[in-house]
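Let's start with one chain on its own, the form predicted alone, as structure tokens.
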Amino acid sequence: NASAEKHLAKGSAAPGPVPKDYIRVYSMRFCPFAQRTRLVFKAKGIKHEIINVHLADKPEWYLKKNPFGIVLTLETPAGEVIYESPITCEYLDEVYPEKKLFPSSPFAKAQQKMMLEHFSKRIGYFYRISSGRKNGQDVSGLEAELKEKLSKLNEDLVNKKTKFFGGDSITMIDYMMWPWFERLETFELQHCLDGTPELKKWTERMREDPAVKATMYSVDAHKAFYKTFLDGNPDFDYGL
């Protein structure tokens, strides 16, 4: 299992060229943004190899490929480099048109991208609440705001009368949002779904998806990693 590869740090040798017919993915095992792209790979059955990068001690060669030093980054056999999770996911959907994840209608696709914009602005809540709680701050106001945002997502499902956000099967927007719901228990925010029954059902349906199952870590693993992350000394190789 490629995601069981240890993370390469400063001083490690740069990997050779990307094998023909493969796409290389530079990732970090517990990164929710990187998981988005890994979900798309699994959902579409794309041949890929994973190289994990130590984000606290980045290899010099990695910064040449991605000057921001973030994950996830794609590299093709032609040496093309693509990064930022929404961009890599859209790229993969275009280059591998079998089993399209974005809707074919330009308007429906734009709607998913608008939803993603809204969701992206909410991601900070998960981290602010959990780190605030660790520092003994009162996070009840932030929690109330997050609950309100999640109730909007619940309403969306109620109004659409669909199982997923783009219809009755999983599409791109579901995968784009999933990683943070997988981590709700890690953030100790499970209770935020108490008032959102449709959203809760959505999370249960997502858990049944083969791509979700293939990229998922146990709550214990997430919690153990997240604790090292909050303590300021992330153990990217936790459990290897």
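A residue's number is simply how far along the shown sequence it sits, counting from 1. Source: prediction; values computed, not measured.
The form predicted together with a further copy of the same chain exists for this protein as well; it is not shown, and the discussion that follows is about that form.
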Please tell me whether any heavy atom belonging to residue 121 falls inside 4.5 Å of a heavy atom of a further copy of the same chain, as the geometry stands in the predicted complex.
yes
Using a 4.5 Å heavy atom cut-off, state whether residue 113 contacts a further copy of the same chain in the predicted complex.
yes
Is residue 144 near a further copy of the same chain? Define near as a heavy atom within 4.5 Å, in the predicted complex.
no
Residue contact check: residue 87 to a further copy of the same chain in the predicted complex, 4.5 Å heavy atom
yes
Where does a further copy of the same chain sit in the predicted complex: which of 153-161, 78-86, 166-174, 125-133, heavy atoms within 4.5 Å?
78-86
Any chance all of 197, 208 and 219 sit within 4.5 Å of a further copy of the same chain in the predicted complex, going by non-hydrogen atoms?
no
In the predicted complex: members of 90-127 within 4.5 Å of a further copy of the same chain, any heavy atom
90, 91, 94, 95, 106, 107, 109, 110, 113, 114, 117, 118, 121
